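Next up: the same protein chain in two forms, each one alone, written as structure tokens (structure 1, then structure 2).
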Structure 1
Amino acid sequence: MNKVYHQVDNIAGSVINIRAKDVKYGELAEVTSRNGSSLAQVIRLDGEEVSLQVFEGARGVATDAKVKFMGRAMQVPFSEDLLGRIFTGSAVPRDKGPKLEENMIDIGGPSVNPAKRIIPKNMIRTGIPMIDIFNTLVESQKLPIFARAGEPYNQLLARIALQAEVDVIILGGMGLKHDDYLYFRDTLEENGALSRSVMFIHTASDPVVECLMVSDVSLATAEQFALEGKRVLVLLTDMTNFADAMKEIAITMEQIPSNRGYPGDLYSQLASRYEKAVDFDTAGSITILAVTSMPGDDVTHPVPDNTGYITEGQFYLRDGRIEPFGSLSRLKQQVNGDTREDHRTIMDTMIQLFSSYRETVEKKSMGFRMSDWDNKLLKYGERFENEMMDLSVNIPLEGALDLGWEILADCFDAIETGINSDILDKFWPKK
């Protein structure tokens, strides 16, 4: 039988406090006042003192409001009918489509038992050379995209959503500007990718508690698709907004703050989401790419700093491009030896030469005379930036490898690259 209480002790922001018995952390409640009803979630227990976060905000909630506990945690419907749909952070339709209420599943469950996981072994092709060649995305990997404000990280996620060779895309937007939400929606719809996508969108004007729910709802849905044998790619943006929502609620509840005001369990909260990435031994997989914006371009900010300890590498987005130095996929060795024989050779050689190009640019800026070798590096670096690093480039992996050989042959003699003669004999372009 559902428990009902009629006395609210305290209201602070969107958090209400009551005294109740036999209530569980994360349990849902319905708060009914003169202005209507709203869902709320238990976010703190201290004996019989219960704090609830009201989804729609506590404005209009009076001290005599009726609080009815529902005896269950937050749930989201699951079926194939989710594909092509857009929902809010609390799984309410945002696209004016029908509300789904069948096959409800809990959100925020534990990570998958390690015994049910297998070693990542499959590449996810994206058509982006800076990912496919140099920092390969691997199925079941968890990777953040570190970027400062103003970088086109949402545009990058949209391109990956269009081009990634997976079965299902789940996009979780947290604190999005309305224009960014419309951009995702229109881009996926116009390019025919919405039919294999599910979008859970929280905009900056929506209740803050929904921001916290987006990642859990997205990952719970992804897990169900993966258990059906689907390869699922979860795209989350922006995890810094998620952490800021945590901080806002923690301040409202007068919790003792940790670094820069964030709650002390920031690491655990982030890790519990990222650890949902998995490759099942008898089913599908979940891969997570999550934008983490860096206030002031500061990688030591608590959110990117904690994220770096959890994830398996990172992509750095700088000046509208994936930066080759600093970006890292720790699992790329699992797959790039099985793609094409020359993959690792092209990856290592082109990055080494690009590093020399960067040094040459510095020499040139300081007025040093350029040698023939320096001029070759300058020509190479310009082609590499325009034809490999530019995010508008869309080439399959094999085409990108062929382009790499073409750029090397156009800028250098074969012997200058330092590549093994056996590889050169097989792949160096014949003029």
Structure 2
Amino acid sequence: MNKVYHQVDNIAGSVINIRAKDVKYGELAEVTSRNGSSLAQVIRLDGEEVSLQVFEGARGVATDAKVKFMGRAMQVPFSEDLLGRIFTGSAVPRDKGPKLEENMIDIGGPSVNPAKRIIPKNMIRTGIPMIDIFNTLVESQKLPIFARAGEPYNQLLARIALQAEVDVIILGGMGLKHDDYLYFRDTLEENGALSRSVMFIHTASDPVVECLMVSDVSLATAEQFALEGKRVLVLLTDMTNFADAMKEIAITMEQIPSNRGYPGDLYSQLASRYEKAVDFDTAGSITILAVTSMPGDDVTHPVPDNTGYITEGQFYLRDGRIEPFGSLSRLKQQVNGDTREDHRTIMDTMIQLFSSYRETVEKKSMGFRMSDWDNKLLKYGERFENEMMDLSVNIPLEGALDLGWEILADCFDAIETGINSDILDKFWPKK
């Protein structure tokens, strides 16, 4: 028999305190006041004092609210019926479809045993040269897009999702603008992808605690699909909102902040989500593409900084382009050795020359005379920016590599590229 309590002692932010016995750590409770009811979770036990985090926020919770413990932690339904559906952060339908209540699964479950992981080996083709050549995306990778507000990160996310060959797409929206939510929904629908998608959406106007749950709910669902052998792509946007929700709650709990108000466990909290990305030995996979918006366009801000240490690289979106510097796919070497023999050479050479081009641009802006070499670099840089970096470019990897050789041969003598002689003999375009 689950006990019911009627006396709330403290209410602050989204956390309430009551006195109760035999409560389990992490247990779920239903908090009902005159103004409605919400789920809540036990986040601290101290003697008989129980702290609960109220999912819909403590606003409107009365001191005589009814608190009923449910004897279990947070769970969500899982079945094929999820596909095509839209839910809130606590897995309540947001669309007009029926409530699902069967086959409940735990969220925030234990991590995968590293011994059961395999080395990722499948490239995910996107048709974007800045990704396919320079920072190849790999199945089971966890990778955020770093961008300041206003960059078209959600468009990029949607484009990759539609182009990638995956079985299931799960969208976790956190603090999403309503327009962006509709954008995702409509884009998936128009491209016939909605029927293989599940959306867990928290919008900017929804309660903050639900923002925290979106990633867990999305990833728990993804895990089930992956265990059934499916290749799942999880889109999480925007993880900075997730971190800010955590900050808000930590401050209400009077935790000592470590850096700019964020709690000391920010790294571990982010990691426990991102590490759900996996390629299972003998089952499916989870790939995570996230958005990390950068307040003040500052990569050293705690959220992008901690994220960069956790994820397997990042795509740095600036002025609508994926920047070659700062962008990184740490898994690229797992796959780019088996695509085409010249892949790595083109990747290294073009970036090194582009870096020299940037220096030349700087020199030029200071009014220095341009040497022959500088002029070659200027020509090269311009072609690179227009034909490789522009996000409207959509060509398969092989075509992009050929284009790379063509640009190099157009701008430089073979010897100036520093490419090894045997590769040059084979690939340098003959005039």
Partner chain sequence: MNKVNGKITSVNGNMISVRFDEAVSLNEVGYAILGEVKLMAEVIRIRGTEADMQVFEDTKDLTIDGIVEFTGELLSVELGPGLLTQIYDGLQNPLPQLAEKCGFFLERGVYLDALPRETKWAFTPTAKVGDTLTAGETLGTVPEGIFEHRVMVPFNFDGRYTVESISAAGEFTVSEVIAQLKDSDGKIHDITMLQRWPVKLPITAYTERLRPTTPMTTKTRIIDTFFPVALGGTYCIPGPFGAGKTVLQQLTSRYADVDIVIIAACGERAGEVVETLREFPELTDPRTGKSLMERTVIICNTSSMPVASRESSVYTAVTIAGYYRQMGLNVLLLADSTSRWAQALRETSGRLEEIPGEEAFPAYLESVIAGFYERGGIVTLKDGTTGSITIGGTVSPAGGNFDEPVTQATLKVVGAFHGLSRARSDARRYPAIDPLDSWSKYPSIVDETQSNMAKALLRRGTEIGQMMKVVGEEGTSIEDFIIYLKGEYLDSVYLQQNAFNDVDSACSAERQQEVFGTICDFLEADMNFADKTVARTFFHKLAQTTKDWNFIEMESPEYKQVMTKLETMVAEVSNNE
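Since the structure is predicted, the reported quantities are computational estimates derived from the model, not experimental observations. When a residue number appears, read it as a position in the sequence of structure 1, where counting begins at 1. If you superpose the two forms and keep the largest set of C-alpha atoms that fall within 1.5 Å, you have the rigid core.
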### Message
These are two forms of one chain. I'd like to know which is the form predicted in complex with the partner chain.
### Response
2
### Summary
The rotation of the smaller rigid part relative to the larger between structure 1 and structure 2, from C-alpha superposition and in whole degrees, comes to 14
### Task
Would you look up how far the C-alpha of Ile415 moves between structure 1 and structure 2 when the rigid core is overlaid, in angstrom?
7.8
